[in-house]
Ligand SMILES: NC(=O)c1ccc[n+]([C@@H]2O[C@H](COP(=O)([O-])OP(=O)(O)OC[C@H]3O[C@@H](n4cnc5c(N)ncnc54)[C@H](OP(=O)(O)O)[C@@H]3O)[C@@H](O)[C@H]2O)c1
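Shown here is one chain on its own, the form predicted on its own, set out as structure tokens.
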């Protein structure tokens, strides 16, 4: 029981809450660009160093997820351990390594409100997914040979590869100590403005397929709802800042949008 509610019901409510937040988030980020990165601006309250803010907002994806996972009855079963490894494979790097790879971050800040809002969502998402894979979901060992798991793992790794490659291209645009923005080129950057976002969306739809669960799907949908519209905002920013920006590039999906 959680707050007097049977946990299976509570978990279901939390999962549907995440899906509802996806709709609200998509609407809000289409209207207002989140004030961090190239879209940073004042008026959003106290600010924090951008690297510190990134670690603060991402730490629940590693620590809260791991803690909730360890409370599950199936925490030592083979498939939950494999799913835990897949999740942490992405988020340990994303939380504790990625922010220190970025260049040109000296003096950059982000609103504390953005970091704390992300903490709340990431904690919710950590509960929904970790509790499912280690306790509420049932995965026998033969799930590792199930077509859904195999296909999901392939999709996840494909998205991870795209995301990691695209981030490296952006990072390498700046020499050490250099700030400012340039037009990225090569590979998927010839087709879309934000292949890094595309890769991350692909990753989490791979997770949804590998877990074959509503919690996994809820996170994939939220990811698309959150960073999909931001790809459009970034695309408009490049077109405004760079007169020679390739007009044939799409925002997120090659040849489509």
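Everything numeric here is computed off the predicted structure, so don't read it as measured data. Positions refer to the first chain, counted from 1.
The protein also exists as the form predicted in complex with the named molecule; that form is not presented, and the subsequent description refers to it.
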{"query": "Output flag, 196, 200 and 238 jointly within 4.5 Å of the named molecule in the predicted complex, heavy atom basis", "finding": "yes"}
{"query": "The named molecule in the predicted complex: contacting segment from 129-137, 142-150, 78-86, 96-104, heavy atom within 4.5 Å", "finding": "96-104"}
{"query": "Non-hydrogen atom contact residue 184 with the named molecule in the predicted complex at 4.5 angstroms", "finding": "yes"}
{"query": "Contact of residue 234 with the named molecule in the predicted complex (heavy atom, 4.5 Å)", "finding": "yes"}
{"query": "is_contact(residue 180, the named molecule) in the predicted complex, heavy atom dist at most 4.5 Å", "finding": "yes"}
{"query": "Distance check, residue 74 to the named molecule in the predicted complex, heavy atom within 4.5 Å", "finding": "no"}
{"query": "The named molecule in the predicted complex - contacting residues of 46-83, heavy atom within 4.5 Å", "finding": "54"}
